[in-house]
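Take a look at the structure tokens below, where one protein chain is shown in two forms, each on its own, as structure 1 and structure 2.
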Structure 1
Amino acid sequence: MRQRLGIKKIVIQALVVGVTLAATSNLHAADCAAGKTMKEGVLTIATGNPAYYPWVMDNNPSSGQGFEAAVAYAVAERMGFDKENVEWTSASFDQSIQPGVKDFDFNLQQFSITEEREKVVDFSAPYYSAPMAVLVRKSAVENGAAPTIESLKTLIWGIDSNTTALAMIQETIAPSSTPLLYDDNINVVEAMKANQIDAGMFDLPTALYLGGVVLEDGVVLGQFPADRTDTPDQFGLLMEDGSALKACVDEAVLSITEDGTLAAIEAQWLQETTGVPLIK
């Protein structure tokens, strides 16, 4: 009986320690952001209007549905802000990357982190590294194209010669025919429309756009893990240059990265929801 009571006491102590550590972490995050947001006690987050699938579902970021909407709330929570203390606003992409005062604490709408942009705005640690994805037409799937290396070898490829995707096709897929080279993505898509090629390789956000908007019968066949790409395009939360919140936002992004929260959000919204499987 005493042994059971001893074990029970140890379990309770462990639970208390866990709760205390979590509370301490939340307090630290809240302390980090205290007095640094635009509105006291409120985190103001911006995105585009309209905001598109799968980044935001039904153009309603406050629902938390969609990859970037879910990321925003996960970051807010780690910074000590409940959902009720998050306010959304809209800002155009082009306006947001210009220098000057911002009317948001941070903004997320697929902003690629670049050296040029970092001269006039601040970015958080990356919350997304865009993997390369394969775009085909519905007819290719009907003819047997599948998200496997073996299947991809048999396709006729077209590629923008200015990207690193050519090396990935040659080294990872090693197709049976030499890829055809084009000078930009639009010409790759036009070649696909003309049945000159079966497939093209783009980063996943571009492939989703081209497959959903430009090609009437476009299908994003599959995606490679981001670590298979030498220089993946990385997205960051955008803030005003010199933002006092940057360290807090970085800490929150790293926190959801390290404990697997970010990976789970990505799997839900950029694999399961889009139906774009990993290529095997």
Structure 2
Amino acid sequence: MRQRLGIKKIVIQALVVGVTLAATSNLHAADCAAGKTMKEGVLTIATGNPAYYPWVMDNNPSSGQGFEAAVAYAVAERMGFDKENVEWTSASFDQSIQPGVKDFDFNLQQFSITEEREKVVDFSAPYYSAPMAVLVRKSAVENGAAPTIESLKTLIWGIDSNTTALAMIQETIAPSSTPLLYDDNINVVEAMKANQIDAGMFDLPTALYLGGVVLEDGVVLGQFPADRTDTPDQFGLLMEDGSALKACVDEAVLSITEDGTLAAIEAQWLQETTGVPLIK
């Protein structure tokens, strides 16, 4: 009996705390997101289709599983939207950087923040700084490929042309043969399988995923320090140019950065990256 009462008490207390918390965050939402979302009271978030590991697990962002899915819900929560009030939609890369009205409040699919892109769309403060990493096949390692600029120069490179890796390769490595370009990293891997290229440059999480899951004999040869280039690839949430939500989104991103939430999400989903040597 006493025990029961005790439990009851705890439940009531928890409810009170919960309601208060909810009330404060709703107040917060009224502060910064009210009237600015596409649908009142609902936050519409876009990502790629398919979206995959480690960004979104099982192509199902509403599960909250995966780095970007988790970030999206954390940001939404700080903006005052609980899980039920988040709606997901999908948008391709090209569709997303076109000028004009967007059908999402923000969009996250590893968009690198660049000055030029910022002329036609808005980016939030960065939620991730991705170091670049080099993916090769075992056979390349056996043929003497090493994590040094000298060695990387002699490889034939393949790159996903939608990333900023091309500029980085040309500036940092300056390979002796012209890199080949592809539409997505699956095609880069396909060209590696066909032995048409030796190496691909990806951000580290992608490289780990491709090397571990997609390419059977893939090896992440090395990684560049994030500060190696002038502009380490930073991912931002993409919004319509001049979006009224930007201030609110920025505040939320800063908030999860400062209190360590973001770091915890990163640790959970993007794990330890040690074991991949730095490129000299």
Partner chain sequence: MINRSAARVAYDKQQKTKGAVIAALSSLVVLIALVVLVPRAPGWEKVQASFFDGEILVSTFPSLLKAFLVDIAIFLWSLPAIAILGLLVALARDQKSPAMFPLRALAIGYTDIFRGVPVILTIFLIGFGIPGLGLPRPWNSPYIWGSVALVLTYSAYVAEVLRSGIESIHESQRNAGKSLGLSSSDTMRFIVLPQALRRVVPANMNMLVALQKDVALLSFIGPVEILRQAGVHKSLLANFTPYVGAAIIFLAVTIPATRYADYLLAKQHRERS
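For residue numbers, the reference is structure 1: its sequence is counted from 1. Between two forms, the rigid core is the largest collection of C-alphas that superpose within 1.5 Å. Quantities reported herein were computed from a predicted structural model and do not represent experimental measurements.
Chain form predicted together with its partner chain, by structure number: The chain shown second - structure 2 - is the form that fits the description.
Flag for Gly64, CA shift 2 Å or larger between the two structures after aligning core: No, because once the rigid core is superposed, the C-alpha of Gly64 moves less than 2 Å between the two structures.
Threshold 2 Å Cα movement between the two structures for Leu155, core superposed: Superposed on the core, Leu155 moves its C-alpha 2 Å or more between the two structures.
C-alpha of Gly48 off by 2 Å or more between the two structures on rigid core: No, because once the rigid core is superposed, the C-alpha of Gly48 moves less than 2 Å between the two structures.
Displacement in Å of the C-alpha of Thr178 between the two structures, rigid core kept as reference: Shift of Thr178 at C-alpha, rigid core superposed: 20.4 Å.
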